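What follows are structure tokens for two forms of the same protein chain, given separately as structure 1 and structure 2.
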Structure 1
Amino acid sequence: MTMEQWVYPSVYVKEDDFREGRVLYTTWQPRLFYAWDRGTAIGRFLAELKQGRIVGRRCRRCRRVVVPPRMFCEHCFRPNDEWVPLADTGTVITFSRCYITWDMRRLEHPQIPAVIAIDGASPGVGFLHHLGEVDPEAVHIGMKVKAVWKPADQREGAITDILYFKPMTE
């Protein structure tokens, strides 16, 4: 026996070892409960979405407006100061045409996720959502879009209260 074999002996366990009781084990159904705290910024953002409004937060020092809202400015490292109502329009700053779903199903018509820079927010600030009512070949960076909302009685305070963004007519 080499020193390596002595220090790190191999153990081979076969299915029969479990069936015949040579390996003892137990199983259980864990009861796990999770909770997610929305926090002040996202909680208010989602509550406003339920009302059909988009809001951001402004930093008084650098004047930056961010959406989704955050309580602290990543540029100044200080608290953001005020809530800012924003438009439900924006500009596509990047996008993708997805012909395969997350669970590997082929799509005849692509899903088009896009990052939307919301009008009234600072440049380069936006959030990911879907585009709809659009020819996939017509989508381009710089395209102006508008939110299409769920009916008010179906909103639940989630990003999906915006069904998708559609192109604005010129």
Structure 2
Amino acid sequence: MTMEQWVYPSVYVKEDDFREGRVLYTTWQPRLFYAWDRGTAIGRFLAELKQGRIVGRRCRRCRRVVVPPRMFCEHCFRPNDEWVPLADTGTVITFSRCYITWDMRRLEHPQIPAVIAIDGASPGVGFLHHLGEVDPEAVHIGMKVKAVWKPADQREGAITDILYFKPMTE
């Protein structure tokens, strides 16, 4: 069987047809601007990041320590009880080597996003961040990592005040 039976006599639309206005279409650039209130829990979390510290919240009933913090325990449904200073070290729960950008361009050197369980928080509790200063092939689940901070005078109270986590020398 040849492909010819599937080829219809027609005019194909080409990129130039759009560019030169032979095909009509409408575009819209959304103008959406938000300024989210950080609230009590995340507000304190970010303020502490600016000081180079990671903090969580403990629920005395179930004893869980969560980070990023919230002011209530989602399992017990009650206000949780206290701020807990945590280490800036942790363990890789899972990771990926990501070879694409937001707009699907290829990356020669992959980003390495990882979910990191923070030391001092309950097992399995932590947050998403990047890994850096690491051989991509050497990353593994259970790897011990430590935060690499922005210089103090450049921190602004944001999750990006941590540049990335790097392997701890074992």
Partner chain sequence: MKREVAIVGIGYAGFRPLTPDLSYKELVFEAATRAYAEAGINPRTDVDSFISVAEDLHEGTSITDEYVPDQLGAVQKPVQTVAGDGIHGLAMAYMQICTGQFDIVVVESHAKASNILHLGHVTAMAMDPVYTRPLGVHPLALAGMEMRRYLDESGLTHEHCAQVVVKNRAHALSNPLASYPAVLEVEDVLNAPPVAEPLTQLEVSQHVDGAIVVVMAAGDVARALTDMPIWVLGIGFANDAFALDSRSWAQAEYARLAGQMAYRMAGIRNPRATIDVAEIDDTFAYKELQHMEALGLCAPGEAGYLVAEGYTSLEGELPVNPSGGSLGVGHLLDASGLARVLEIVWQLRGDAGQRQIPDVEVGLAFGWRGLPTTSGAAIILAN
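Take the two forms, superpose them, and find the largest set of C-alpha atoms that agree within 1.5 Å; that set is the rigid core. Not measured: the values here are computed from a predicted model. For numbering, take structure 1's sequence and count from 1.
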Pair member which, unlike the other, is the form predicted on its own: 1
Quick one: once the rigid core is lined up, does residue 36 have its C-alpha move by 2 Å or more between structure 1 and structure 2? no
After core superposition, I'd like to know whether residue 153 moves between structure 1 and structure 2 (criterion: C-alpha shift of 2 angstroms or more). no
So, with the core fitted, how far does residue 24 move at its Cα between structure 1 and structure 2, in angstrom? 17.7
